[in-house]
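Next comes just one chain, in structure tokens: the form predicted on its own.
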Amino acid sequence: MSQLLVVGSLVVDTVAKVERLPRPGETVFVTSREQFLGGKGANQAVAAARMGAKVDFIGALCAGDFESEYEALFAKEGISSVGVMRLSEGSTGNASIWVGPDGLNMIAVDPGANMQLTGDWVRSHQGDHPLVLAQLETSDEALLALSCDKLILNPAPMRVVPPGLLERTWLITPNETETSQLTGIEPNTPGACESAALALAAYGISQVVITLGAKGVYHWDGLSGHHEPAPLVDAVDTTAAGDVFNGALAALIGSGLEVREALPQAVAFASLSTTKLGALASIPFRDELLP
């Protein structure tokens, strides 16, 4: 088992399937509606645990607002929740997710307690983990309090990145939109992917992995670029695919694999998750990858 710290968000997802994703100003009918525990932090932690990692988690929620549900989830998945900060006021994060018939989605998030995670809390609970996985769905001060040998940053959901965070990042995993927003370069060709990776590497980032949806991922290791294709699957919901990829990749790196060695399994794990509805509910187990 690998040792991994995930610092991230807890968000309750309300997932509505629609006839098609609405255009601005348009109303469409919902065909089904379900509620799931989620949040990028929780999703990535569970994905890492199901890939075989021993995971510790730091995050924040509001006491009594889905608190017991998250406690049960972490206990079931074998994830340590000692680092979960419980607030007496406010609300646990929540998200509204609309999913079209092709599996594509639209998401609006109220971060709630996640943005109240304090730097002091992170510093007092992070321990000496050499490998940390984080996203941008928590507060700036929490992110800037991180101290580790290797920080994996999933820059999602995209927002202004705290000054100095990129310079402390070892591995960054933006998707196509996030890559464009970070670099001004659309990663739509191999050459453009390389240019975007070089722009990110200029911050001192050692490893760049650009996720390309159904096309797989592009990896730059400081010397060369590599495209790892994704297997063909019948996608019904891409909601958590990025989170599943990040959690699986972190777990595999924590187990001792090099980034490029870990990519085939991480990509396959993420692709498999798109064949099920929901976020946590869609995350596969490692043995599902076995032939």
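Given the structure is predicted, the values throughout are model-derived calculations rather than measurements. A residue's number is simply how far along the shown sequence it sits, counting from 1.
The same protein also has a form predicted in complex with a small molecule, omitted here; what follows describes it.
The partner is not drawn, yet in the predicted complex one stretch among 221-229, 255-263, 52-60, 33-41 has residues with heavy atoms inside 4.5 Å of the small molecule: 33-41.
Proximity of Ala95 to the small molecule in the predicted complex falls within the 4.5 Å heavy atom cutoff.
The small molecule is not drawn, but in the predicted complex it has a heavy atom within 4.5 Å of Val11. When contacts are judged by a 4.5 Å heavy atom cut-off, Ile107 counts as touching the small molecule in the predicted complex. Residue contact with the small molecule in the predicted complex: Ala279 places a heavy atom within 4.5 Å of it.
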